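The form predicted on its own is given below as one chain in structure tokens.
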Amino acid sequence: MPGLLERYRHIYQLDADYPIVSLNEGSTPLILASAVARHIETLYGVKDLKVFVKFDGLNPTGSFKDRGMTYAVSQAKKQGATHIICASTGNTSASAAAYGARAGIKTLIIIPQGKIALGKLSQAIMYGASIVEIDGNFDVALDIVRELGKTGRVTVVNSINPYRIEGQKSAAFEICDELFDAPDYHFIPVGNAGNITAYWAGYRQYHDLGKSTKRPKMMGYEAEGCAAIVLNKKIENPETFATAIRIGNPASWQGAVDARDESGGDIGMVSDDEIASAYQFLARNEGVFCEPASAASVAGLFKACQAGQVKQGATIACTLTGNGLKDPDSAIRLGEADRATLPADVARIQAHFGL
């Protein structure tokens, strides 16, 4: 399957000689989450839901960031860039480094020291990026990147780059193509808020093109420890174990607010305990292993159903932004597998398993 810029070339209106930098991103599965729907009916009495999870953790570098990065790096290549740069909590750095390597462009990365999951850091290292860790959070790192971008010597590929948002909106196209319409609600994690902004742009565009009959209510969820949009204030020291959304001053803040207001949706917050519970539920009951921040969308769905915000019989899409292998430490810490160390003896092992 070709990458998303090639598949949606007619929508992006790319010239025949446009230098597409692709790793065949996109075309990620939209998985029917029947166990989630049953759980909601049992606990909250909301019946006949059709719940789907858009598992963007199956993109080439394991996160939704590849959707925007293919376009941002392609455009950088078209403009003759020699260096790209980003601030990151992990996924952006992995994606930028991979697409930079693919394009033959040097990737520069600034990350908060000790605040990035090792699965993500290992990717940036292997792709050959130049990495600087700072004594500060993501918001400080992004401020530095903005300043370096003003020199004109590097191209910033964070979501302040409009081509990132343009590429990421393709996920909304794919959902509509598969469902033959837009869902009634779309639940999504909110960190830097570029993704909710992008999805809403995609749904609006598909509706305007007559490819869908409706537009979903956009339901975004921040982590409680960094709920800047919900609290309407910058969070100086954002905290959550869901590192991908540990951001206290979202770059696409206004875009997220517009998506909420224009769609008639909501932006709420979920606790780390609620995120962890949804993270475990998806793995154990749906066989879908996402990274912790991804599960904020499903945690938000549970919370919205409990609050009576979701109508019966609705079609719901939940974005799972990244792969669980991005953060193995959280999986090992929060997992509840029955583990034992035994001698290599058939009888002992048979007894242990109760066979």
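Don't overthink the numbering: it's just position in the shown sequence, from 1. Only a predicted model underlies this, so the values are computations on that prediction, with no experimental measurement involved.
If you look for the form predicted together with a further copy of the same chain, you will not find it shown, but the lines that follow are about it.
Heavy atoms within 4.5 Å of a further copy of the same chain in the model of the complex are found in one stretch of 259-267, 118-126, 182-190, 68-76, which is 118-126. Contact with a further copy of the same chain in the model of the complex holds for none of 13, 316 and 320, as no heavy atom of theirs lies within 4.5 Å. Looking at residue 335, you'd find a heavy atom of it within 4.5 angstroms of a further copy of the same chain in the model of the complex. Within this chain, residue 135 lines the site of a further copy of the same chain in the model of the complex, having a heavy atom no more than 4.5 Å away.
Among residues of the shown chain, residue 221 is not one whose heavy atoms approach a further copy of the same chain to within 4.5 Å in the model of the complex. Using a 4.5 angstroms threshold between heavy atoms, residue 29 counts as touching a further copy of the same chain in the model of the complex.
Contacts with a further copy of the same chain in the model of the complex, taken as any heavy atom within 4.5 Å, map within 153-190 to 153, 154, 178.
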